[in-house]
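Okay, so here's just one chain, in structure tokens, the form predicted on its own.
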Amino acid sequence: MKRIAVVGGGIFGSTAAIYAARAGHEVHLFEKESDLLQAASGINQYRLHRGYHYPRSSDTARSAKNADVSFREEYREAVIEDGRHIYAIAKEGSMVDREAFLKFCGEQGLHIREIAAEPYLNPDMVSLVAEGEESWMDPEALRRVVLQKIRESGVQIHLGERATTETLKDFDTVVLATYARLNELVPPEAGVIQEYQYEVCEKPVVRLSGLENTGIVVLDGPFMCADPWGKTGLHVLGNVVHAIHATNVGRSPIVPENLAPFLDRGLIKNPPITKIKEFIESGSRFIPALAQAEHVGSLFTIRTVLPRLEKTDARPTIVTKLSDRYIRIFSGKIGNCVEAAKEVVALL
């Protein structure tokens, strides 16, 4: 049995802690916030990806589809199965055309049903409208399920405690799962500081009448989406351009001072800084109903991706043994968290 510290109480760190404890280790989970899944895990994505979003990265699509099975087995209570998942290919500016997308779905074994007319989409703006098979996750339900499993597995939780090198010195193994802060605790002797692309993102939450239990994604260039926000009856908007308020490539994120107070603080009502007008103006060209959407508030967080992958838009999950004591989880899509946890246990 080893004494293990997992740093980061998002879905990847929490799941790694659960699996390590089930394997018989003494596990301590450190999370600087007052609760679990407060940052990107509870804000950045609500869709359980099976691969439809990644027609330019077969590896990402294949990984998401394979991992979907284990996530459902572990966190079934948080999965929202009902609803419609609509995908559209933009007529202009898309990096993938209609034929390429259909071919990609066929190669990946992704069920897709073409729709002749979809009332929520402007037919003049899209070359393909189809319905696929994915699911969403309820972030509040996921938080409850994760906390229950952590307690059942015997993980010792340290909420509101920022781990330091001094905190970690007496542990046999340290698992770093801090996403945007991955480089903060990498030991100098490991010599493996990684550059990432950091994006300070806004996710507007809107009341969108008529689209209950319906998610719409427009691919793949002028990417935008509207997905249900758990079981609230509201939608969360995404946009490849307008979601990003600030971005940098480096060892740590550079956050504008005026945005720092909003990060990872849940729904900010009437945020003084928002790009909701840009979301609505660009998105309503594809989804006309967005023009009448009510802005309820916005969520803000930092998204972390590997740099210089614009050509493929790949979103890998990478588990790396940095040294005899340190393991790093670079997290991709939420659905991959169980497979990543299994890799961590294997390295232990």
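In case it trips you up, residue 1 is the first one in the sequence shown, and so on. Small disclaimer: the values here were computed from a predicted structure and weren't measured.
Below: the form predicted together with a small molecule, not depicted.
Using a 4.5 angstroms threshold between heavy atoms, residue 303 counts as touching the small molecule in the model of the complex. Proximity of residue 334 to the small molecule in the model of the complex: non-hydrogen atoms within 4.5 Å are present. Proximity of residue 185 to the small molecule in the model of the complex: non-hydrogen atoms within 4.5 Å are present. In the model of the complex, the small molecule lies farther than 4.5 Å from every heavy atom of residue 52. Only one of 211 to 219, 94 to 102, 175 to 183, 118 to 126 places residue heavy atoms within 4.5 angstroms of the small molecule in the model of the complex, namely 175 to 183.
Looking at the small molecule in the model of the complex, residues 23, 75 and 152 place no heavy atom within 4.5 Å of it.
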